[in-house]
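Two forms, one protein chain; structure tokens for each follow separately as structure 1 and structure 2.
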Structure 1
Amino acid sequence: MTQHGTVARILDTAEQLFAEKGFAETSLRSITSRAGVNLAAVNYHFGSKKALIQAVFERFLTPFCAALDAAIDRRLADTGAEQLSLEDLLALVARTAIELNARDPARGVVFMRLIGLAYNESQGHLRRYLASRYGNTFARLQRLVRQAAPGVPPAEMFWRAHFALGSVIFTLSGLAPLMAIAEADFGRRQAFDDVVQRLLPFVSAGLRQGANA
């Protein structure tokens, strides 16, 4: 990863190891030894393991949410309308996630895995933290999705949004083994974009069924 100081090296390695093995299964010792820093550095710079985990999420999510909000603003201003189509919206999210990490295209996938882990976290500490920290952007997204599928009652749309979220997170979260299986079964190697190209219509179809227009 990048070449800067101890803090960044810890964050880089932690992000990768957490995504590979989960939070509980990743020890601070494995992080610090791979990062080439002293064990005590984590507690010195972050305070605790829990704080490290939050810092990993923060480093990705804060710029991402800012960029996404800006992209939505821009798009709304361009079209002059007050709402976006479902495809526009989904593509916007996917594009900002990709463009924000142009140097390392795999990072978006890695991070989707982290979000999947956060959702499956037992006590939900992380879920609550993320909801309180980035709830605004998330609520805005939810509102836009609801407007993009008129005629679908809000409660129904709430569930559909989570179904869609499940598809995305689950797939991107276990992408590597899935791509290996697909390659073994169907011969040709699949690219990441192929999967996204298939994923977006799938969730669109599910989200908008029964909607007017």
Structure 2
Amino acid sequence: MTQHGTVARILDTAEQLFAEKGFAETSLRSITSRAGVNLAAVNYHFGSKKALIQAVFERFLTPFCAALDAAIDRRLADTGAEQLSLEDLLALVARTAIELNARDPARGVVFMRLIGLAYNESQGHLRRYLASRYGNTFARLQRLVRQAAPGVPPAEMFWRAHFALGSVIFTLSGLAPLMAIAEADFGRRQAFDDVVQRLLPFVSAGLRQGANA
């Protein structure tokens, strides 16, 4: 196996096990066992479990943030405006995430689970790493959201943004069982894109409620 193949196998296995069991309950030995590599390979390529966790997120977020920044730039240039509507902004975020995982939508679901774990488990190193690595994109997104929902105080927007994120994480990380329940109850199978399109107006309304037009 090439070095590139070894790294990819370790990352593939780590993201699956982290999503299934959480960060604390997933040992490096369980990762190496399932990946079919030795512990020395993990230590050589990543150095520590913390670095491996960060690398798992980096593999998702580096292409996502680059694509999202480019999409926002294009949209602003096309409209000639200095800000975007909330619906426009949320649609860009959703479309970017969907397109990056178009070949394997299940990876997007896995990432939603990992985001939820990053909040639920004590992973201060991860939040610091993400802020330092992707802080510019996150700050830009927050600024555009505030511009699109003027009149919502910053402290209130903090909670609304996390309520919205919680809705997205809950829905997308448990999408397979939710889709199965919906199909059993209503006799119709929903596509992933359809679920996202149902979710966006809900999130948008929650963020904007009470904001100045």
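We call the rigid core the largest set of C-alpha positions that still match within 1.5 Å between the two forms. It should be emphasised that the depicted structure is a prediction, and the values quoted were computed from it without experimental measurement. Just so we're on the same page, residue numbers count up from 1 along structure 1's sequence.
Student: Please identify the form predicted alone: structure 1 or structure 2?
Tutor: Looking at both copies of the chain, structure 2 is the one that matches the description.
Student: For the two-rigid-part motion between structures 1 and 2, write down the angle in ° by which the smaller part turns against the larger.
Tutor: Between the forms, the smaller part turns 14 degrees against the larger.
Student: Could you state, for a rigid core superposition, the Cα shift of residue 175 between structures 1 and 2 in Å?
Tutor: Here the C-alpha difference is 4.1 Å.
Student: Please state the CA displacement of residue 159 between structures 1 and 2 in angstrom, with both forms fitted on the core.
Tutor: C-alpha displacement of residue 159 between structures 1 and 2: 3.2 Å.
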